[in-house]
Ligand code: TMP
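First, one chain by itself in structure tokens, the form predicted on its own.
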Amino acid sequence: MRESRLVTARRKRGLFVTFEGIEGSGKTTQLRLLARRFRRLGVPLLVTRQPGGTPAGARLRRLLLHAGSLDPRAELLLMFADRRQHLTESIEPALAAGTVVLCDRYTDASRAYQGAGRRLGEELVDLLHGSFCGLDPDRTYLFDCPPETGLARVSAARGSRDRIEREALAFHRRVREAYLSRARREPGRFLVLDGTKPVDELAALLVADAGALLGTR
């Protein structure tokens, strides 16, 4: 990718890119690497996450990840409270200004974690998304790996797990399958990547794909 091509090829509206995957799939590492690449090329960029992409969201994130227990429906509603505030305060203004937004998790995470993991159903998540968000990503990178692999990475990296990471293996298997199912339903939006591959190999795939997306804008 040439710097001039990336910077001049953008349209007025920005590009909304989300990174999804089970715990320890490598999505956050790859987001940071792509962000570093874009910054070197001078691409206007917002790097953010859900939950926790705003000051209010940071407080919600602590509650969601470290509360003793939450009713599954309450958990889902808190996720969408974070998401709605995030869209209004950060994501939509950035896109309107022509900025590329790289977001660590979005509604697909709720489809997988609350819809499938908590067994609330994806239909309920889709209803909330349509009512309170409505904005879909231009591209979603899904990093796939076995839950056993991802959770082992989490434990090795931090030595502890948060409330959701401590869920039973069956929960994380449902989450993984929900992600893959959604990717099969929306092949034009999703790019599924093998999260067990070397970091550099995955980073090269992302640079090529994201560069192609920017080149069409």
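Values in this document were obtained by computation on a predicted structure and should not be read as measured data. When you see a residue number, it is the position in the sequence shown, counting from 1.
We do not show the form predicted in complex with the ligand, though everything after this point is about it.
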Whether Q50, R83 and A109 all lie within 4.5 angstroms of the ligand in the model of the complex by heavy atom:
yes
Listed range touching the ligand, judged in the model of the complex by heavy atoms within 4.5 Å, from 141-149, 110-118, 126-134, 85-93:
110-118
Only one of I164, L180, L45, A56 comes within 4.5 Å of the ligand in the model of the complex by heavy atoms, so just point that one out.
I164
Candidate from L70, L33, L65, L41 lying within 4.5 Å of the ligand in the model of the complex - any heavy atom
L65
Is there a non-hydrogen atom of R61 within 4.5 angstroms of a non-hydrogen atom of the ligand in the model of the complex?
yes
Mark R176 yes when one of its heavy atoms lies within 4.5 Å of a heavy atom of the ligand in the model of the complex, and no otherwise.
no
Indicate whether the ligand has at least one heavy atom within 4.5 Å of a heavy atom of M79 in the model of the complex.
yes
What residues in 15-36 sit within 4.5 Å of the ligand in the model of the complex, counting heavy atoms only?
E23, K27
